[in-house]
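What follows is one chain in structure tokens, specifically the form predicted on its own.
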Amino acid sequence: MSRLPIPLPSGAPALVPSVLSADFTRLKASLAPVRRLADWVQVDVMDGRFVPNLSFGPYIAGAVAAASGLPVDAHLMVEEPLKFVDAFAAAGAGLITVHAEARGAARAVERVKKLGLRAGLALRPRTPASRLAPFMGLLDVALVMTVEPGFGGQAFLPEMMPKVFKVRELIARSGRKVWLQVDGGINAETAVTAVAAGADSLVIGSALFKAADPAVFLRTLRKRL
């Protein structure tokens, strides 16, 4: 399947809807408001082992790519990400993000890059920023979770902002163009907090898809940032 590439950082914050909060009974209609307003979309993949929840397989990633017309990030919240990389690449993901705490994370990141895709590495709240340092030569996205992964609709953890600042320092020292993404509890207020700490990619779930008008929400947030 053809895929759309995730753009490189441009200096403006990227807005990334998480389809975990979309209405899957009417997926195309649910994603229509974000089609021209978001930068890419995220599919949260959960295996019931790494996190206590189950979600989507590769077929859904392909469906989201078709319905949104946007690049897709497969965020693999799974115990053994290497087993899933090729399947999500074949489904059309342009970015595959794995967790630093997962088994074989380094091999999974290397496989993503070998396939010619953008690679991301995510940190759970308890994992220090220093876990990213050995990977900085390969990464396109460094993701700081601002909730414990596994469920949508959780409250933002402001105590993660010092970690965001430390990751921004790691990116600066690398001299590479790497997105600094935050995911969890992002809304109109916490987005400003995250960007002030150094984030330039914001994953937005419940706040976006539960808004009275998701398109207005995105336009307003982009202006505010």
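All residue numbers refer to positions in the sequence shown, first residue = 1. This one's a predicted model, so the numbers in the text were calculated from it and none came from an experiment.
If you look for the form predicted in complex with a small molecule, you will not find it shown, but the lines that follow are about it.
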(Q) So if I measure heavy atom distances to the small molecule in the model of the complex, which of the stretches 103-111, 88-96, 75-83, 125-133 falls within 4.5 Å? (A) 75-83
Q. Taking the shortest heavy atom distance, is Leu139 within 4.5 Å of the small molecule in the model of the complex?
A. no
Q: With heavy atoms only and a cut-off of 4.5 Å, decide whether Leu121 touches the small molecule in the model of the complex.
A: no
Q: Evaluate Gln181 for contact with the small molecule in the model of the complex, applying a 4.5 angstroms cut-off between non-hydrogen atoms, and reply yes or no.
A: no
Q: Answer yes if any heavy atom of Pro71 is within 4.5 Å of a heavy atom of the small molecule in the model of the complex; otherwise answer no.
A: no
